[in-house]
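For this one, two forms of the same chain are given in structure tokens, first as structure 1 and then as structure 2.
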Structure 1
């Protein structure tokens, strides 16, 4: 147990935790640059534009932050289940159901006060949780693969929720062309700081929620037990952790967080349920990428969500400015995820044998 080997250990941790995402992000941006060059856009100009129109300008920064809120929440929602070894791919569907149910309550509950918003959130979270627990139950009881069923429910759910805004609760005001619900009452919306942009307290609520989840995962019994379940289910059950309970609580929590994410978007940014609002925006998938880059760490997921949100807001601006398709942001984001998941193989055999040296 020499000082030098402890230093070597710390060096290795540094490399793994800090260097690897930095390299991956640089790699992703480089690859994006190559694509830009190939289609005849100057990468330097493009990245400067993207950065300016996502983080530097207050209007765009507000957009970035507003967009990051549902992303970080759905990402953390996914992380809660994934780190316990349960693959939830149905975040999108859980957001749809949670968002729709919350909207329904907001529209039809007779009393419209800020307190009703809390009720809406509760209903949205419960609906999201329920929508995650159905496939969980099917997997637990009948071995129906969670991966396939949760993914299938994304598509199925989206059609059903879109039906609602196309028929029963379609907004008939205005030209009536848009498939969307009526707006929720002004008393129930999240406070906005300025009329100029969409920045609202929802973003801070989301950040607070992520920090709370970080604390839960890092410090509590549930966090410990779910982590161990994900790493070695046999060890967990040997230690007295009930795996069925873990499966249902992590999946339920995951769905609830996704429902919460949808509510943040509806009560903070859109004020209504809009046709395909969670599919075209791709929040759930961006969130999934963010949490994979963060290796399930909620705080890092928060950071990467803001980064990825900025990337797509910047990408949108870039499309308007020079016509470069905004999917470039998604391409870069997927590449970062792939790169970061490659383990940096380092030969630190000195302490790999437990300090026998």
Structure 2
């Protein structure tokens, strides 16, 4: 291939990478518009309200950014493992364990300072990493399906962590019906920019973490080796890359990032561990959607996470302002992911047939 043909191919791929998500997003919005028309609501008015209440109004924009922080990190956590060929579907459970362990340290460690927050984050990341390594070991030792074990471990994790806030560390000072831990000390909380909304410095910490992970994946030997492993594991092994070491490293890093995401939410927004706080919010699955749309690119995952978080916040406002159910935003998100998934399946089919559709 000549240099000009290589550059032309690169431009074509870049154009496809830009257009595919845009087409998927427009398709999801169009299907949402059809549903709105079916129930007698103007799509233009509804979308104007949705996006005004998620990106244009300062209060709701702050809420969108706060919600996007754990979403982008869980999405990037999934991308680290997926791009190496290891399908981690246990982000939700890793967030639960990491968040709970960080909260326990914050509550029971005798010294309450900002430095303790760093310790809490380290413990939360370690807990998330170790939890991700359980299914990794089962895959390595017993050839258990990583997809199934990571997914099913989410359910066990939910019940384990919910037990702690229902009994041992339940906050008895407040509402007795609420299953939640006591609040962490004010000295360990992230700085908030205003008392009117939840915007805090944790959002910028999350963005900085995503940029750092992007650099690691794009500019380091580990990033190169993980990418090669994901493209062709046999070729990577032939080139001297140890597949077992790569599997444990990428899965551990993926779990650590998810634990970090949980800490961002707890120390920046909630200030406590709340029953089902990472299950009902759907952070992990929304992050997975953003990662799929972005094709494992951390920076694009960041962008699409903010967009999907805005759809969720806008959907809640849509229910109040227009009377449409907030699940409309969930339908749009699912349709976008469906269209992107179809493109991924088609690409894989063409690749497996040697480039012939």
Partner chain sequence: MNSLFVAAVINSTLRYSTPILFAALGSLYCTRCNVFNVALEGQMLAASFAAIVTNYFTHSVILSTMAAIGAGMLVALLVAVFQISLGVRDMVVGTSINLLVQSATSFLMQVIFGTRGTIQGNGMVALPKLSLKIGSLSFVNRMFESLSILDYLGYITAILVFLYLFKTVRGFHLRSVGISFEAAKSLGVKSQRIQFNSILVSGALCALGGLAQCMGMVTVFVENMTAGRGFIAMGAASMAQAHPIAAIFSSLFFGATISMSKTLQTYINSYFTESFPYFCTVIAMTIFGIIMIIRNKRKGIQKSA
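Owing to the predicted nature of the structure, the values given are computational and were not obtained by experimental measurement. The term rigid core refers to the most C-alpha atoms you can superpose between the two forms while keeping them within 1.5 Å. Residue numbers count along the first chain shown, from 1.
*Asks:* Between 1 and 2, where do we have the form predicted on its own?
*Replies:* That would be structure 2, which is the form predicted on its own.
*Asks:* Comparing between structure 1 and structure 2 on the rigid core: C-alpha of residue 10 shifted by 2 Å or more?
*Replies:* After core superposition, the C-alpha of residue 10 moves 2 Å or more between structure 1 and structure 2.
*Asks:* Residue 26: with the rigid core matched between structure 1 and structure 2, does its Cα shift 2 Å or more?
*Replies:* It does not reach a 2 Å shift.
*Asks:* Determine, after fitting the two forms on their core, whether residue 52 shows a C-alpha shift of 2 Å or more between structure 1 and structure 2.
*Replies:* No, because once the rigid core is superposed, the C-alpha of residue 52 moves less than 2 Å between structure 1 and structure 2.
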